[in-house]
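This document opens with one chain alone, in structure tokens, the form predicted on its own.
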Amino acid sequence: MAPPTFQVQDLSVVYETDSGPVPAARRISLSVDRGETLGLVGESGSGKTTLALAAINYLPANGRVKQGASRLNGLDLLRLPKREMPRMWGSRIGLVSQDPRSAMNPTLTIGRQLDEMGCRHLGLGRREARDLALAMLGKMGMSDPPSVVGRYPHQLSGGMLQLCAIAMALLTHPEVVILDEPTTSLDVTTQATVLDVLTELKTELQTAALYITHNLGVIARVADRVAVMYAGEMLETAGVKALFARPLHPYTLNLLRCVPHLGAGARAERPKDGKASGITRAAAAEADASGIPSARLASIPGSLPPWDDLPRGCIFAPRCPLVMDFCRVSRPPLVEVEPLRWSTCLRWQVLLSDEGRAQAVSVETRAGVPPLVEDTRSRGPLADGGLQPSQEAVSVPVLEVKDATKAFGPARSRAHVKAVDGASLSVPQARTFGLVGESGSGKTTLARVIAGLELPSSGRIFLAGESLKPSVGARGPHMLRRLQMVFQSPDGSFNPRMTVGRALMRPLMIMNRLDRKNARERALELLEAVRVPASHFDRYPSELSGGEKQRVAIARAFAGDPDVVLCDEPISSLDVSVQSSVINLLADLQEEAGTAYLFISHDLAVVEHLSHRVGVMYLGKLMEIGEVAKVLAPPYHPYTEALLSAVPVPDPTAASKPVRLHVSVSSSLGIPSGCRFHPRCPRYLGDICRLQAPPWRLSDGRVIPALAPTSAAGPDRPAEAAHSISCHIPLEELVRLQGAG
């Protein structure tokens, strides 16, 4: 039997720090065959990237391999002198990182950088190297490669730049390629295109691939086998179908259960009489076959153990629902528990039954969230235990956006960009409006316009019926308190020189006018509300994990008891276990405080789980809007159809009907005539789509002309309808087309 193309044996890695050596990976073994993809998963800090970099002898200066071997077709990479490694990197080893800009020289064109790979590693002349670069970009599905090679990195979108980075890594047909979170920062359609390209090229080139990610849907899509790491150790390895169908380690089981599944159920829109329609919260709370209440995601309480205080027995024991005394005695080895399956769990047999799996799942129960601040809003209890908006709040949405437009640049200039074009939406109290769409569709710009961080070009925004000043600087403390925002990166929300406690006390003292003593007490209550230990009060942001920082950012947003919180991709940078905990937290806080959310995300499964209504945005314009269960089921806009088709499902056996779009989104500088989606539409009808703006089609069959004011009062406007689609295709025809696939 031929040896694996890429093999790591008994590898241990340490980092030298001021406080001594830190063991980042311990006695790891794995292998990848030719043409095979091994998925490497685990929480942030598990050592996945460290393992991959150590295996290709690419550790930073303070990293050191303590023991073990790493072989590429029999050659031990760790025994090669450092001066010989640059010849290996690029020729026999490819590396694609999460941020493609880190792999690109900003001062050189894309073509020059691709040419250099062919000239340096393959010995080609400039003309031959350029021909090879153009051919590789063509294989990547890149539109107009001759134009792309003449551009600089900053002139390309994130998706196009990532395709260029992958083309660079695969140009020399390497024997192994390391893919470290290559699609995490991409939207779903671009991600789907990149994954399609990787799958095709892997088959064509027969390259061994190590794919590192926390997106389990991506792993289900691209991997042949999966290895699960935790706190620097390997806990389980198996074929992808076997592992997703029946994980044999509690950590793997809980990771899989942390992921929201598209189509698993949506939060119901509640009509004015207070009675739930569709999927009720009571029904959603019923446990499924695995013992998980479908209204809540599984979670993994606690955190990874500190490197200087590792547990004596099983590394996962402090967080494991199945832990027994004998689990804490000594470190269990990775053993073959079934043919071609390895696990370190001493109680893996328990996971063979439904009862055992239910026992092994950690469900973060809905703890009583302390009252955030004294609430003066009128609310009454819902039948399901949540908070019901008052009749006044139902009749007057707490947040209303009417025909908001935001343009950048002089109106008569060719550089005039309409990032938001006549957007209208409304959000009642204690409800969530999900906003989805590709990168560049205008979602964040709309949120910044609502927050007053960008001045609208036209349109009006109302908070509880009161018109908001366009600029945040013109809004008084009362309005600032009632409208808050949580950003994608929690690092940008904090002053690094200010402790967590001071960051929470400041808005309480400024907006709520509390004295220092009461502000401190309330800040501690806020930390308790978001389940951050009180001991973190005096820590600085740099001393917190990413999940902890995002929880503190949420706590600060709730400090003034806001009516509305704008959530702009608040969980996209978090791993799955932290994501599930933050999602549960947002739902709990909404039920306790009655706060309305505008929730922006490119993860449609998360949007479905949290939202009551959804809007689908493309090139600044809403293309579809309505109750979440109706928007995410046929008939839907062809753009929504493509978005849903692109979502990676965490089930390797799931049948898919791919609807793929071109990588490039049409530029806001030149919005197409007629339907702005028509150049990419898989249901394109011809001249009517190209020349005429589409009407709004309501679910009851009514048609509203495209030029009708969407902000007019009354139930007929698309922003308030149960479901409305801006498309030339009749709804019954969309149902036929989408039902037939």
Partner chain sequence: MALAATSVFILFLFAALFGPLVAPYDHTAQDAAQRLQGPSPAHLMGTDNFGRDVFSRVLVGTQGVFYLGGAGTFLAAVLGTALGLIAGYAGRLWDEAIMRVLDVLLAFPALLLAMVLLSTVGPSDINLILVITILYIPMFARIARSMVLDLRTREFVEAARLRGESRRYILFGEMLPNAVAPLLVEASIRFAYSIFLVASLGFLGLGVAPPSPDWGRQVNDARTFFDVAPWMLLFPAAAISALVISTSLMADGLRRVFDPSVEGRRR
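We call the rigid core the largest set of C-alpha positions that still match within 1.5 Å between the two forms. Here the structure is a predicted model, which means the values were calculated and not measured. Positions refer to the first chain, counted from 1.
Omitted here: the form predicted together with the partner chain. The next part is about that form.
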In the predicted bound form, does each of 618, 670 and 678 have a heavy atom within 4.5 Å of the partner chain? no
Please check if residue 467 has a heavy atom lying within 4.5 Å of any heavy atom of the partner chain in the predicted bound form. no
Can you tell me whether residue 537 touches the partner chain? I mean in the predicted bound form, with a 4.5 angstroms heavy atom cut-off. no
Going by a heavy atom distance of 4.5 Å, is residue 556 a contact of the partner chain in the predicted bound form? yes
Touches the partner chain in the predicted bound form: residue 584 (any heavy atom, 4.5 Å): no
Name the residue from 511, 642, 228, 304 that puts a heavy atom within 4.5 Å of the partner chain in the predicted bound form. 511
Interface check vs the partner chain in the predicted bound form: of 98, 91, 489, 499, the one with a heavy atom inside 4.5 Å is 489
Answer among 116 to 124, 179 to 187, 476 to 484, 311 to 319 for heavy atoms within 4.5 Å of the partner chain in the predicted bound form: the stretch 476 to 484
In sequence order, the residues of 446 to 467 that place a heavy atom within 4.5 Å of the partner chain in the predicted bound form are 448, 451, 452, 453
Would residue 127 count as moving between the shown form and the other one, using a Cα shift of 2 angstroms or more after superposing the core as the test? no
Core-aligned C-alpha movement of residue 570 between the shown form and the other one reaching 2 Å: yes
Can we say the CA of residue 224 moves by at least 2 Å between the shown form and the other one when the core is superposed? no
